[in-house]
Structure formats: structure tokens, C-alpha cells
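First, one chain by itself: the form predicted on its own, in C-alpha cells.
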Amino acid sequence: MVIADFSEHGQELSKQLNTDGYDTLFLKTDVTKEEEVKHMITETVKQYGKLDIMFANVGIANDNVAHELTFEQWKRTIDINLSGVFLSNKYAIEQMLKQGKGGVIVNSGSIHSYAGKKGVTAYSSAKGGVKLLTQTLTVTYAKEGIRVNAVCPGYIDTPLIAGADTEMRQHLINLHPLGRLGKPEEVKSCLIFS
């Protein structure tokens, strides 16, 4: 298994998994840089001989209402949340087509792939793009045996929202009929099914 991450958290996770008996390779990767994404695929194939599954799980949330959102904030969010998914999918598909045995791609969408929310301008635009990108790739590569799916959860208790203040956290909790944030292991079950 390859863990590709821009932060050192990915390296820490890889070390922990290796300690627990898994065989993981950490590759520091900035998904906004095409050459780094290509390198991620090349190194994966070098290490494991093939690429069977790609989980494109990228996302930042540095957002605002449109008239207060800087173009730089917009571009960075789109570059990571949408273009990063596109590049990961593009080069995974290229490798899977070379292998000729199909494969699986799962993209990380969001509730905001389907529903807008005040002040979530760039993030929802990017995640809406992930939804349509996924649907397009699904119908384009199905006959080659490449399944492309997206998991689009509500708010999950992850580092992405860990920095939210108490009031915002409670607001996010109140948006869920269960009265709590989703848990990463609940999303994991969907990913395994995909």
C-alpha cells in the first residue's frame, strides 16, 4: 500500500502501519504538481508491480463567501480538491489501461458535492466537480473494467474540521439527524464496499 501525502502525517501513518505488520510505502506528494502525481504512480508500480486501487482523498477547506474569497484562495482550493483528484485519476487510469485488467478508483467527494452551504464557495464548487468528474470517468472507462466511484459523506470528525471553534463544531453536529459528526470508520466501510 502506498500513502501519498503532502504533510508529514502520511509518513507517521506509514511508519505506524509498518510497525503493525503492513507493507506501506510513503511518498511525499503535492497533488497540484503533475510530475509529483506521475512519480507517485511510477513508484507504486516499481514497488508493487501494479496499481489496482486508487483512493483520491484530497481536500482543504479555506473558504468564504464569494465576495470575500480571494482568487488565490479559490485557485488553491480548486487546485487541490478538484485538479488534484483529476491528476490522480488520469494517471491511475493510464496505468490501469496499460495493465489491461481493470481497476478501482474511489474519489473523495462531500455532502457539498450535492448541497450548497452559505460561505462554502470554492470547496463546494470543487467537490461538485469531483462528482461530475467521477460520473464522466465511470461511463468512459466502464468497458475497460475500471470502476470509478465517489464517497460523499457529511461532516466527518477529521483534522479537516478539528480546528473549528466550539460554536462552529456544534453547528456542524446540528446539521446531522444523528446528532453527531460522522466517524472515519463509517466512511471506511463505504470505501471497502466501493
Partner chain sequence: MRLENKVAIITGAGTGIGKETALLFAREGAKIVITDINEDSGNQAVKDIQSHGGEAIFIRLDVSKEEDWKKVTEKTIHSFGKVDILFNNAGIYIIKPLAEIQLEEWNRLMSINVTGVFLGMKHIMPLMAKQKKGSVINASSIAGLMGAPGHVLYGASKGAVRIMTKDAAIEYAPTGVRVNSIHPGYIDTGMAEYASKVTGSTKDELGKEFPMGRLGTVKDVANMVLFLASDESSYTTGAEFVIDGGATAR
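Positions refer to the first chain, counted from 1. Here the structure is a predicted model, which means the values were calculated and not measured.
Keep in mind that the form predicted together with its partner chain is missing from the display, and what follows is about it.
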Its partner chain in the predicted bound form: contacted by all of I80, I93 and K117, heavy atom 4.5 Å:
no
Taking its partner chain as it sits in the predicted bound form, is K28 near enough to touch it, meaning that at least one heavy atom pair lies within 4.5 angstroms?
no
Considering only heavy atoms, tell me if A164 and its partner chain come within 4.5 Å of each other in the predicted bound form.
no
Residue-level contact is defined here as any heavy atom of the residue lying within 4.5 Å of its partner chain in the predicted bound form; does C190 satisfy this criterion?
yes
Please run the contact check for F55 against its partner chain in the predicted bound form: heavy atoms, 4.5 angstroms, yes or no?
no
Given 150-158, 121-129, 56-64, 39-47, the stretch touching its partner chain in the predicted bound form at heavy atoms within 4.5 Å is 150-158
Counting non-hydrogen atoms within 4.5 angstroms of its partner chain in the predicted bound form, say which of H171, R180, H9, K15 makes the cut.
R180
Which of the residues spanning 51-70 lie within 4.5 Å of its partner chain in the predicted bound form, based on heavy atoms?
none
